[in-house]
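Read the single chain below, which is given as structure tokens and is the form predicted on its own.
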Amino acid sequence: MAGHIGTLVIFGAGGDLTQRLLLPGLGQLLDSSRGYDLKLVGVGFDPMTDRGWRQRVEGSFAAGGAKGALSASVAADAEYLQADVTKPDELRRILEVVSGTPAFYFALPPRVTIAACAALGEVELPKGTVLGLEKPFGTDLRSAQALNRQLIKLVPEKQIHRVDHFLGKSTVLNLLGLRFANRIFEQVWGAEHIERVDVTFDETLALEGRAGYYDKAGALVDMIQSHLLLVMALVAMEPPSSLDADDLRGSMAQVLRATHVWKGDAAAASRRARYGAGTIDGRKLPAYDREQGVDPALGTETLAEVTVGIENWRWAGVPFRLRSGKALATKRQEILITMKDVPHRPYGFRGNPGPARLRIGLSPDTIELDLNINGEGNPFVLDRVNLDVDFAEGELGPYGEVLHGLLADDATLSVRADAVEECWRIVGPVLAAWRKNTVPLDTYRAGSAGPASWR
């Protein structure tokens, strides 16, 4: 068995994140070739019996495809504690049921996580304790800095795992192989040959009952501030000397430090909108501000777009557009790299399909390369051809991968403190401009491609 963690303690055990994503990923991991023998303890604010918790664990494990002896054993022995994790005495009670070295996973809202970490400062933690925190890390730059200062008082940085499950996606991991194992790509990977980069994560899903969190975050904080900026960093970083945690995360942080809102104008470089009533796949949706639990006065956006620039030798002058939205007509989740057009076409060619493009699909996991070639029939008419290949699927899903890193104490796929703070710094001017209403809140019909004025 891999790793050294004796007990995994999940704070927020009764929440949707735990049931829908965290536990299925854990079940996959337990039954994989990297399996772990550990004790599982769920902690929640609401009452639940051990039996009820075990049934929830078994159901989530099954939903993730786990059906092996080890996952069944962990589920059968799982324990549940009702506790307020923001109180030191309650945390001490939790530690009494821990066996071996513990890993604490905070599947909690940001403000509760901050309060729980403050309370942990008054508790003596076992040597080797590992902390796993779910994004967003803090609620703005100042709170992220304060949280990082508090965390480093509790355990060393290498034992802090800031989990962004996007870094566990097979596509994102394979992006490293695509870039750094193929000379054909790395030689053209920069401003000399690339016109623009678009990182898009559009969903057909709407709010889906997540108003408690989402209405206070919105698309910018929920997706761009964390997931998409980190994906961008992987796309744009300099080649690391190895894939060790220090090298990989250092290269990512270096790119983020060079990243700023495009031309320093947050209002001109950003757009926001939210969905109105509409229909998606035959399902009628209310307008966002009519969804249950939404406070219309907050003006929360469900579609956000921010353009940034990376001010270094490789990328100067190349716009990186990051976009994410809900309740849209099409699920489009990709990294699109548009090459610069050729400087000259020999006289006699007809047609111009546009420059070559490399599309890296985030869901499903694919690579597509659009090239211009001689067309069928008349060889002097240029046509577009698409070369595509599917990525090989990993043994584990995203949460299985990040949990493996946490339990094995391998920080490669976790987000380092400085990267967290840089991501908040980058979006800070945009958040400020939106608070001042210098950027209008547009609307779009649910099930459409977005605001008509954006097209």
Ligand code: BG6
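A residue's number is simply how far along the shown sequence it sits, counting from 1. Everything numeric here is computed off the predicted structure, so don't read it as measured data.
The next section is about a form of this same protein that is not shown, the form predicted together with ligand BG6.
- No member of the trio E192, W262 and W315 reaches ligand BG6 in the predicted complex with any non-hydrogen atom inside 4.5 Å.
- Partner contacts here mean any heavy atom within 4.5 Å of ligand BG6 in the predicted complex, and among 103-111, 240-248, 378-386, 198-206 they occur only in 198-206.
- This chain appears without its partner; in the predicted complex, the one residue of D370, E291, D215, D222 with a heavy atom within 4.5 Å of ligand BG6 is D222.
- Among the residues R359, R271, H165, R321, the one placing a heavy atom within 4.5 Å of ligand BG6 in the predicted complex is H165.
- At the 4.5 Å threshold, heavy atoms of K135 reach ligand BG6 in the predicted complex.
- Among residues of the shown chain, R210 is one whose heavy atoms approach ligand BG6 to within 4.5 Å in the predicted complex.
- Contact annotation for 337-358: no residue has a non-hydrogen atom within 4.5 angstroms of ligand BG6 in the predicted complex.
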